[in-house]
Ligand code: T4K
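In the form predicted alone, a lone chain appears below as structure tokens.
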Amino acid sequence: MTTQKSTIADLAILGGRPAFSDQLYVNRPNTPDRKAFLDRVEGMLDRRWFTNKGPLVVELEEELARYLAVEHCVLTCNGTVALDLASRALGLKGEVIVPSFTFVATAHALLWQGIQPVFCDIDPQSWNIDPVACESLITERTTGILGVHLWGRPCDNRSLVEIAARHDLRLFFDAAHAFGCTYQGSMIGGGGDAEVFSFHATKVFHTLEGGAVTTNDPEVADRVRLMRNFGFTGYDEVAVLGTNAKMSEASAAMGLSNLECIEQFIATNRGTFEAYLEGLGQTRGLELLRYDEGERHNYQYVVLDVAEDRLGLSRDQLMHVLQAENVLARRYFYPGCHRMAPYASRWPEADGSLPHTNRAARGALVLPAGAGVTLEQVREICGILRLVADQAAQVRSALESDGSEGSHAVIAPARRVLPSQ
């Protein structure tokens, strides 16, 4: 059910009926052909081989390495532990330079290993790590650089590779958003010394829960394989410190089934993105982040940059308006890792050196996309956004006069889906 909004009195936050009876999430899990998945699960049950490098995990590693055009793909139980393993496999210590505008797991994985994340500002256009700012942060304690392909838009890999080589640093990437995307025509997955993927349920490609480290360096791959299985080299033989980071056969079954549908998922995402692009056009104060048509993208994220000085409403006010309509738009990655615990108290000086990060954290608003919405719903969402933008002064006045801009406008979703790596 949708309800067309023609005046601000129709807005749910001001007393109107919500546009949608069901809550629309930023990302809902993609689902493959059920028979293909269940057939694989039946085979798993018949074999009674549920974990410990089962045949489905081995097959998925081979298929992903082929799809991503890399030599090695090492599957893990989730993306965060994949970051942990990559950090240790690369021998990182001391300081590693990383953007603050990312999911907090990126920074946590470093600090969890006793490595200090040094937060770097982002390029104001790409919202990825700024290579110039990155090089200025290198000290004698720096051992590596961790870039993030935010929204699936690749980092400036070439510049980062040159910087890492110039200073003898390890370089790796958090590619949680970037499955199926390319950099200069090549699939993301083989950049730097390693790349790390998340296969969380909300990603365009998922394994229910999971992750991977991909690399073209056989030594890095071997170290990750050892560490994900407690460091075992054979029966009762342990060579290195390790942990339990193995992917289950059930997760691999979902991954293999989803990989068969990946082009369909990406096509759906692209259709959603293009519907937003058409529906919003040149709406004042709302800039839809674009993708380079010369590269391949998964179009998973539909991101608005909300300019309060042009729109006349803050990003948070706009978010509250949408959430009251059951459009569960979300701010990513607010307020920036450097303003979260434990980083804000440990390194409070970082805040003053991250102006572009702080600006992005104030403006980013991610809209429902992919499997979570229909094209008809996208058009209705765009209509609400155009109405609010056209009548922003009146909306703001109404919100402030009755106190609606605050807490009562925030809808608590029945099933909270977090932005995760």
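Note that the coordinates shown come from a computational prediction; the quantities given were computed from them, not determined experimentally. Each residue number is its position in the shown sequence, starting from 1.
Beyond the structure shown, there is the form predicted in complex with the named molecule, which is absent from this document and is the topic of what follows.
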Q.
Does the named molecule, in the predicted bound form, lie within 4.5 angstroms of each residue among 87, 188 and 191, using heavy atoms as the measure?
A. no
Q | Residue stretch of 379-387, 25-33, 54-62, 350-358 approaching the named molecule in the predicted bound form, non-hydrogen atom distance within 4.5 Å | A | 25-33
Q) Which of 157, 116, 243, 78 has a heavy atom within 4.5 Å of the named molecule in the predicted bound form? A) 78
Q.
Please identify the residue among 265, 127, 179, 103 with any heavy atom within 4.5 Å of the named molecule in the predicted bound form.
A. 103
Q) Using heavy atoms and a 4.5 Å limit, would one call residue 148 a contact residue for the named molecule in the predicted bound form? A) yes
Q) Just to confirm, residue 83 within 4.5 Å of the named molecule in the predicted bound form by heavy atoms? A) yes
Q | Close approach of residue 343 to the named molecule in the predicted bound form, 4.5 Å, heavy atom | A | no
Q. Contact between residue 214 and the named molecule in the predicted bound form at 4.5 Å, heavy atoms?
A. no
Q: Select from 295-310 the residues with a non-hydrogen atom within 4.5 Å of the named molecule in the predicted bound form and write them out in sequence order.
A: 301
